[in-house]
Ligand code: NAD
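Before any questions on binding or motion, here is one chain by itself as structure tokens, the form predicted on its own.
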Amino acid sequence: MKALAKTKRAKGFELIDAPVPKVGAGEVLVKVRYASICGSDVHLYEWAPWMAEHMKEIPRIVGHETSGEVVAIGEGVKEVQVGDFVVLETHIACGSCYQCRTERMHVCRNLKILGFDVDGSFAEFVKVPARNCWKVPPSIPKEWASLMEPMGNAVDTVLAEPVAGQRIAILGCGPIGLMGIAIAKACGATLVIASEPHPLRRELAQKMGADIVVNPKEQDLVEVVMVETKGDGVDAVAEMSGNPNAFLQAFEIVTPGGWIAWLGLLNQPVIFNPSDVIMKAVRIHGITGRKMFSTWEMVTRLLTSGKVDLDPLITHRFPLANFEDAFESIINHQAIKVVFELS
């Protein structure tokens, strides 16, 4: 089969010929139909220093945001059948550690991630544990399905606490931040303020339902928030950017007694005063991945409700062979969400 792999410790990937995986007990083989590029894939493509430190084994087939058809099942598999169209949960949990046994598989202490710790899904076929397959209802467009995985991150961030009737700021309008805008509006947020420096993303933030879109390079986010909330501040902040300035501004714009959810990964340490949290009684939520599998249920319900439209986010489609064009379109800020179409 054709597969996209990291074959050397340098920038770039390589399209290789690889054997079709063989399934064992509890595993399934998925024929990949759609696979989308995540920001972490871009970091891996560019060989960012923190990614180089994490990536232990090379060569490695990359990719993790994936949907396709189950074509083979191993012994004991009951979750899915051959012919099911599924999307993949990319966190492969051990099932036996303290976190897994207390319903926190998303922070499994022996966690393996598809496309990083085991061979991934930018390939014609991928092998995964059967429990990592989530059936996609026919009412959800198949080309949306691979986006359900990152949408889970948006759900857990924006809905870390109820947002109905609340005012929320979403800092960073990459694909997950843009999904977060739509989710917040669908779940009853009365005011969504989005902050994003890039013009294409600001335009899409408006399409996804943001009430106010701020360019932090030209406007004072804190001032805008305080004017729009009559000095109260927002009830919630979803920090999606990983920008140190945005990280610190979250403390300034959240109302006393409000909450902040952190999803964006910082490339450098940030110094802040814990008194900003203590004296304002701010609740902090650290978000990683998706809860397995309550988040998937929420994502499915939101998409089947028709209240969240993912079409505006898919700006580019490529065959796997054109992977260099696909990644460069993201690096050059021409694309929002890129989907590989296989099979």
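What you are looking at is a predicted structure, and each value in this text was computed from that prediction instead of being measured. Each residue number is its position in the shown sequence, starting from 1.
What follows is about the form predicted together with the ligand, which we do not show.
Single option in V136, I193, A246, L114 placed near the ligand in the model of the complex, where near means a heavy atom within 4.5 Å: Exactly one residue meets the criterion: A246.
Position in contact with the ligand when the complex is considered in the model of the complex, options M151, I168, I181, L171, heavy atoms within 4.5 Å: Only one option qualifies, and that one is L171.
Options 73-81, 182-190, 250-258, 237-245; stretch whose heavy atom lies within 4.5 Å of the ligand in the model of the complex: One stretch meets the cut-off, namely 237-245.
Distance check, L303 to the ligand in the model of the complex, heavy atom within 4.5 Å: L303 lies outside the contact set for the ligand.
Contact label in the model of the complex: P197 to the ligand, heavy atom within 4.5 Å: Yes - in the model of the complex, heavy atoms of P197 and the ligand come within 4.5 Å of each other.
Residue contact check: V308 to the ligand in the model of the complex, 4.5 Å heavy atom: Judged by the heavy-atom cut-off of 4.5 Å, V308 is well away from the ligand in the model of the complex.
Contact test in the model of the complex: L44 vs the ligand, heavy atoms, 4.5 Å: No, L44 stays farther than 4.5 Å from the ligand in the model of the complex.
Partner contacts in the model of the complex for 248-269 (non-hydrogen atom within 4.5 angstroms of the ligand): Residues within 4.5 Å: L263, G264, L265.
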